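Only one chain is included here, represented as structure tokens and corresponding to the form predicted on its own.
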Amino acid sequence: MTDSWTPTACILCECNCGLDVELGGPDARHLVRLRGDKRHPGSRGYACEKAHRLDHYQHGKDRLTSPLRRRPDGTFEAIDWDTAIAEVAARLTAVRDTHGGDTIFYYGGGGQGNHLPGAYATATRKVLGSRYRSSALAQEKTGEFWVSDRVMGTATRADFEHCDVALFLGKNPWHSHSIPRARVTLKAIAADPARTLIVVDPRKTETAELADIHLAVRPGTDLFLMAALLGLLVAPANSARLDHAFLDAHADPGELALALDLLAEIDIDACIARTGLDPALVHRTADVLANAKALASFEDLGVQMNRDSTLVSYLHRLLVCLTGSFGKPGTHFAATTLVDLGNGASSRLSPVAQARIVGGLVPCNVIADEILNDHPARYRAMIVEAANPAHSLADSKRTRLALAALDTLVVIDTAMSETAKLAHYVLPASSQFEKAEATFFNFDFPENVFHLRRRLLDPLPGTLPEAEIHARLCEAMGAITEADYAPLRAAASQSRAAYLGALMSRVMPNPRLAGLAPVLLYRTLPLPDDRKEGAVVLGLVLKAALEHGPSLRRAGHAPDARSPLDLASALFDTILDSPSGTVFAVDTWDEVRRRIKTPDKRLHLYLPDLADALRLALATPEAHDADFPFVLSAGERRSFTANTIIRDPEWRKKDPAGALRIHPDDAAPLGLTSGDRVRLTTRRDSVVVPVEVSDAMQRGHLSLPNGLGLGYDDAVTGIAPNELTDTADRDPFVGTPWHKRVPARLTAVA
């Protein structure tokens, strides 16, 4: 490697693979060449094709370079930062003082690989008394979090590198990744005759093409497949293959008996019939699962944004537990992390809709309901950071109405997004390559990796890192003064140990200052300019040292350290000095089973409310809507779709217009061939879209890609899927949207 290459990371999915970047072009600010960073301990040189197009993100034409204030006529005017900070602080504190901090709602906190803003925003929210928040996770993972927390007390991931059976539920990791070095791992499993790759997906995806068993269920019938598989697993012929030793050691015996009785009630043949699958294939799959030595499984948006999503998560969790697929190589694990993203416990409800809050997140599908009403507790102000709910939430039209109804909307972002166009104030953030950043989706095992990537470029003039924005807001609201900073600065001038001591003695016991710790760290911890925004990581590392000392010591961080403060200091220095990331924790399989974190440390396999809902769902006849005979998956991951931070449509090498995929037998009656246009109608809207005729689709099933329909350079390319979705179509338990099962119809256009 030459000096012309600089390490950083991809920002297009949760894996955040390490990259080497060669800078060039005007002012040496362009990412002219990119490649996988072989020194990154997680990705080890792996990177998919999408990362090579990241310069389109860095140099989007709609980058913001000045704070903006909305005029009465709806247009925007540029203002200076001092004015913007003062006016935003005044507007938000006025809402707080008049209506209470609970009426100020926070959405976002960072996209993929852009997580530090969420940490710094906690200080601003503390000052404002803002308790309610949400993010994209509430559109996807909260059902899984809630079930996992109730059953095991923890969320898990799985070891696909060493499993003999790999099961993917509603997931195409060839494009959506989520596991380290996804394509390398998938090819290795598929090429090994001793291993079995099972894919559950209505479409014949790239991952399904590799599979030994592709369970092409009818769209939305995943619950019936999982019920049939579990019914077969507990049948007398297979029940001896359950991991009784694991269950005897870890499960509540009474609840285990009730769970087995529940599964024994299942009408297996009727469930298989609902899926449309060959019964022999389902029976073969059950045999493979029953005989697995090490089962690794992953559920994703294909089931989590679909009907019965929380029930599918429940049955998936039962499968993991009944087969003992937890705490041994090739199975599920609970990793040491710096941030616990999977904490599903919550007794709180949203103030107006009374929707269940899981992991601290209000369901996205009720946000408009929380605003568009006369309830005294309705949300009246909103801070949106590094997110675009006007585009990404269900029923975009109603979402836009809700955002427009707010007393104050403040958007912190790099570009003039669809949400920013509705704001009262827009605060321009530096890009992810113009500041230090990190990701907290760290789920590797046994070695877990953390990467604080350094600033590649100076901030674009007129922009500020989110850490600076939040620090200025807290100061403008009078929450932090020089008197608060002085003791920490004095301690920092002495030593790291003295600084940590001051943090522990002065800040953490103080109710006022503890919530402001991110800003205090940012302002007082001396760090190099290219790592300055990483100051908040010291607090996270200190927490990890207090809770997970043995795992951190196994990674070689001050193994002889006498105190958690010494351990935290050593690990933080390693993180700062590792431009390609570092292994921060090493776990052992022996300790994983001790990470069942329910109050009694037992597995709780029978959840009465979900058991009742399962019985009802399995007994409910299938409904057909003659007006909407098709099922639309609104948002499919393809070769060149990801999140929406790359707004320039030129980044997509394939399928630039975002075609609607349709089976040949559905295309023929309408006289459609690939490239033709068709009218697509749902209960919420009607659009005209080009089609791609594909035998990868099932009859009656349609799909649109995610990430399109963004306004860019005075044009909109493709269809925004959420113009077609409905907030009412959501999971009854946790409110996750049914984007993968949208009733639709097609009509020919001239």
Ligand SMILES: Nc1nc2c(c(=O)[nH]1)N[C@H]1C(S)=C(S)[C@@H](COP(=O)(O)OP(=O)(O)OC[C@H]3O[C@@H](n4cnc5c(=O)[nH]c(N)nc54)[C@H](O)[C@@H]3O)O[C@H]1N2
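The numbering used is simple: start at 1 and walk along the sequence shown. The shown structure was predicted, so the numbers you read here are calculated from the model rather than taken from an experiment.
Another form exists, predicted in complex with the named molecule; not displayed. Remarks below refer to it.
*Asks:* Heavy atoms within 4.5 Å of the named molecule in the predicted bound form: which stretch among 66 to 74, 26 to 34, 677 to 685, 720 to 728?
*Replies:* In the other structure, the partner sits against 720 to 728.
*Asks:* Name the single residue among P219, G324, P363, G534 that comes within 4.5 Å of the named molecule in the predicted bound form, judging by heavy atoms.
*Replies:* The residue in contact is P219.
*Asks:* Within 4.5 Å, heavy atoms only, which of S431, S148, S297, T196 is in contact with the named molecule in the predicted bound form?
*Replies:* Of the candidates S431, S148, S297, T196, S431 is the one lying within 4.5 Å of the named molecule in the predicted bound form.
*Asks:* Indicate whether the named molecule has at least one heavy atom within 4.5 Å of a heavy atom of S633 in the predicted bound form.
*Replies:* Output for S633 is yes: heavy atoms within 4.5 Å of the named molecule.
*Asks:* Look up in the predicted bound form whether D444 has a non-hydrogen atom within 4.5 angstroms of the named molecule, and give yes or no.
*Replies:* The answer is no: D444 has no heavy atom within 4.5 Å of the named molecule.
*Asks:* Might Q139 be said to contact the named molecule in the predicted bound form, defining contact as any heavy atom within 4.5 Å?
*Replies:* Yes, contact at 4.5 Å.
*Asks:* Is there a non-hydrogen atom of H40 within 4.5 angstroms of a non-hydrogen atom of the named molecule in the predicted bound form?
*Replies:* Residue-level check for H40: no, no contact with the named molecule.
*Asks:* At 4.5 angstroms, heavy atoms only, are K126, G359 and R489 all close to the named molecule in the predicted bound form?
*Replies:* No, the candidate spot makes no contact with the named molecule.
*Asks:* Going by heavy atoms, what in 526 to 554 lies within 4.5 angstroms of the named molecule in the predicted bound form?
*Replies:* Nothing in this stretch is in contact.
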